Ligand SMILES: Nc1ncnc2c1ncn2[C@@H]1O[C@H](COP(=O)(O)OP(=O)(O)O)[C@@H](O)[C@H]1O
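Coming up is one lone chain in structure tokens, specifically the form predicted on its own.
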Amino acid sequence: MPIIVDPDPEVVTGLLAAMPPGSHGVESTERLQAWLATHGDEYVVVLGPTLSTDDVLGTTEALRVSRPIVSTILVRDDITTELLRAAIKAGARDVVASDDAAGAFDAAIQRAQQLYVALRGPSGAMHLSKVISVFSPKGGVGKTTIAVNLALALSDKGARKVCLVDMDLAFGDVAITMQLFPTHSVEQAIGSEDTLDVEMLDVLLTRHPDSLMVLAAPSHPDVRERITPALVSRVIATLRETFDYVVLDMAPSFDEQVLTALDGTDDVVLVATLDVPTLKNVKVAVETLDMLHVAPEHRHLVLNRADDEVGINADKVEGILGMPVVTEIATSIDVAASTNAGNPILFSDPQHQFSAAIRDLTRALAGEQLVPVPAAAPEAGAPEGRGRRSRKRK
């Protein structure tokens, strides 16, 4: 899909409105490189008017050499003969005037896509892999449990190739949650930012019995400092080459590694619970994602431990966060028991309300419309309000 680069958020927002659905925006050419490192299906880069001419021409020249099938479109406030000559020499595909962006983009982007298909063929233009980040700025909200069960649901017992990556590089719990004892982790990839390939990375993966592959976090927290953003980009890009879905269980922070991973994300699953501190942090996280232009049209809000008696309901959450709730998951001791046993509840109890909610989330990520379903009957001896509720996507 098209990607726009400009440091001015208002310019990015305006240009995105004139571009095809699913287009993405980043604020710098450095972020562009991180994005392209994990997205082999991009066919056009739009360089905005706020970027300096030197930056625009330098980036265009670099893309001409490193990614010759990616078209570059320049948007400039003032188009001169000298600029056009320099743009053509650098390898730009089109130069568009800022005040004519809406009319000129459509034709320019269509030409870029036609060229991409012609060079790679129709199958080459259909890159099916998707990176999904499961994220919450607050720990203890059930993020890892949701990530594990989501990855298993996407895998569908091996029908699709899925890799679950533990991106909590200091205190990751994916392996222990799944009762896996990996002999390798991402730690063994340190130093291979420029050489890591599919064969090398495959050795570091651990197979779960249900056909899911896992890239575990390091066993010691001090290793995190040695895992560079460049390595994170390389790992995600390499996984994209062989897996249909890459699910990232993110750390509850906005450190360099997390920001790099978010740059390479197609969809973000935001996990929140119904307490004021968590909702405050999630709101700040949403604002940060907006500022970074991370998956603006592909965010999915999940309410975990969403019990009616706490005094905050889903409608109030939607008003606070300004985004719809995809599904609600009520508190259940069965989930904790299943996690402690190392047997994800999606398989140990496929009919459980948690399992049903995860399947709802899976359908949402696949672009299917959710429909409301009646709340499940309370478990024996359990309080009212324990059923899961799915919500229509707005």
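Owing to the predicted nature of the structure, the values given are computational and were not obtained by experimental measurement. Heads up: residue numbers just count along the shown sequence, starting at 1.
Form predicted in complex with the ligand: not shown, discussed below.
Peer 1: Taking the ligand in the predicted complex as the reference, which of T362, S332, T59, S355 has a non-hydrogen atom within 4.5 Å?
Peer 2: When the ligand is considered in the predicted complex, the option within 4.5 Å is S332.
Peer 1: Answer with one of L289, A216, M213, V141: the residue that has a non-hydrogen atom within 4.5 Å of the ligand in the predicted complex.
Peer 2: Among L289, A216, M213, V141, a heavy atom within 4.5 Å of the ligand in the predicted complex occurs only for V141.
Peer 1: Taking T145, N304 and T339 together, does each of them reach the ligand in the predicted complex with some heavy atom inside 4.5 Å?
Peer 2: Result yes, every residue of the spot touches the ligand.
Peer 1: Taking the partner as it appears in the predicted complex, which of 25-33, 42-50, 324-332, 59-67 has residues with heavy atoms within 4.5 Å of the ligand?
Peer 2: This holds for exactly one stretch, 324-332.
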